[in-house]
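Encoded as structure tokens, the following chain is the form predicted on its own, with no partner shown.
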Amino acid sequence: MTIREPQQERSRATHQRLLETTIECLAQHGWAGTTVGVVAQRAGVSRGAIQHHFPTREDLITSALEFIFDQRMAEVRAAAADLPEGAERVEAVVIRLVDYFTGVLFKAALQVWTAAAADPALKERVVPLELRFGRTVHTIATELLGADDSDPDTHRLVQATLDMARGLGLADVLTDDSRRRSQIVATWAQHLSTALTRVRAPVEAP
């Protein structure tokens, strides 16, 4: 191994630590509290080290959102093999989707989306991210449910599930809503399973 290789490994490790620390800061301290100085202190690096990897605060934050999102979606896909089959699968998928929208990444992204609503320059960077995130989550949800997204009714059912999960995520921001949430998830999963079965069923000729 050359001298350069350990340096590259350290650089990659620092890069990842900065991204993960940024997400934690956003979720805990919000947009205003996630400054370059705060991230540097929590990550144990200098401000200069951050600026070497990310020239601006916006570069740091949007890169962190993309990195953690891609990592989280890869984990969800990899865990698909552990999902049960049959009627229990739908509820398991809905639980995982809700877990995503009540997790640290969603709370961090929510802080950025809110700040972007009043900042045109930030909004220009965030809107494409939100569109990509939305498409990717929808695609993964469809895959996990084994649903035919080309069917309009199925597409709307999947999207309704994601909209519900997002709403539950918002409800969880200020208070622990887990007890009520679990009841809603179980009820919706039953309705979704029935609806998807109905959509999949062949139409009998008159």
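Keep in mind that what you see is a predicted model, and the values were worked out from it rather than measured. Start at 1 and count along the sequence shown; that's the residue number.
Keep in mind that the form predicted together with another copy of the chain is missing from the display, and what follows is about it.
- Here is the short version: of 53, 57, 29, 47, the single residue with a heavy atom within 4.5 Å of another copy of the chain in the model of the complex is 29.
- The listed set 168, 65, 140, 147 contains one residue whose heavy atoms approach another copy of the chain in the model of the complex to within 4.5 Å, identified as 168.
- Although the partner is absent from the chain shown here, 106, 117 and 183 each have a heavy atom within 4.5 Å of another copy of the chain in the model of the complex.
- Interface membership of residue 36, defined by any non-hydrogen atom within 4.5 Å of another copy of the chain in the model of the complex, is ruled out.
- Proximity of residue 83 to another copy of the chain in the model of the complex: non-hydrogen atoms within 4.5 Å are absent; the residue sits far from the partner.
- In the model of the complex, another copy of the chain stays beyond 4.5 Å of every heavy atom belonging to residue 96.
- Contact annotation for residue 102: none of its heavy atoms lies within 4.5 Å of another copy of the chain in the model of the complex.
- For the stretch 155-186, the set of residues having any non-hydrogen atom within 4.5 angstroms of another copy of the chain in the model of the complex comprises 156, 157, 159, 160, 163, 164, 166, 167, 168, 170, 171, 173, 174, 175, 180, 183, 184, in sequence order.
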